[in-house]
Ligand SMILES: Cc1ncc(COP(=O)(O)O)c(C=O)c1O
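What follows is a single chain, given as structure tokens, in the form predicted alone.
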């Protein structure tokens, strides 16, 4: 990527992903630092990583220059509770603070700060012991879920050289395809019938996310709900197919500055006519919340087919003007 974009100011990666997969941050940091460039890690799902040796390496211990952590995800902070860490000489701390001040509110909620600081103190004092119990619980729970017919907990498939350097086992990713249902259907059924929200769902998987707040009681409740899902699956409708693009199809060419495409003249066209046009809006399957289309990109037909079929299958698209994907906002020609 540095050879393709030698003038880039920094490298930004997401690790862990919402699926729990982790990049080889140390190797990436070394590559960046040889060029005198900083590595920034979006470590939203990694608040707990510094507190147990059996978890993937914390970004700052692996040599990152900046990492941003959402304490409200794998930590126990209130929603919106996030922090960033800085080290090394490649990023000016004053400029970083000024950039943060441009985006932050001047009316800070002290409860959010207090929650993060209370969580930090708790983790320093008791985090290793609590996470040890959580890791033992989740290992047992993975085996119990794998014992349910039609369910498969992914693990080895997620730790491959081309996919992931490491893996956070607290993310229990469950393939439901053998049940004959989609992950969208499974998530909806669990919410409606068992009052359980899974952390992630896609066309064939759901994810149960564990933390040190879980215990045998919460694990048993999950197992009971999944058992009921297995029994109910034959009565659910056949899931609508999702037309998955290749990874190369998702790397669309940026032909206009995102701000120019977003703020400039736009028009609304049927999704069937969007291929070849320049996107004027962001379209993001959520979760995990990774944009498939960004303003300024030239849209290709494979990505449109993916989003249109996904919307029909139950994919949540929170940011386009038309979440049904019948129409798309594009740059006016």
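Everything numeric here is computed off the predicted structure, so don't read it as measured data. Positions refer to the first chain, counted from 1.
There is another form of the same protein, the form predicted in complex with the named molecule; it is not shown, and what comes next is about it.
This chain is drawn without the named molecule; in the predicted complex, the residue among 282, 57, 300, 70 with a heavy atom within 4.5 Å of it is 70. Contact annotation: of the candidates 271, 44, 292, 29, the single residue with a non-hydrogen atom within 4.5 angstroms of the named molecule in the predicted complex is 44. Using a 4.5 Å heavy atom cutoff, none of 51, 75 and 215 lies near the named molecule in the predicted complex.
Of the candidate stretches 57-65, 36-44, 303-311, 273-281, only 36-44 contains residues with a heavy atom within 4.5 Å of the named molecule in the predicted complex. The named molecule is not drawn, but in the predicted complex it has no heavy atom within 4.5 Å of residue 320. The named molecule is not shown here, and in the predicted complex it never comes within 4.5 Å of any heavy atom of residue 130. Of the heavy atoms in residue 14, some are within 4.5 Å of the named molecule in the predicted complex. Interface membership of residue 82, defined by any non-hydrogen atom within 4.5 Å of the named molecule in the predicted complex, is confirmed. Taking the named molecule as positioned in the predicted complex, the only residue of 256-295 that brings a heavy atom within 4.5 Å of it is 286.
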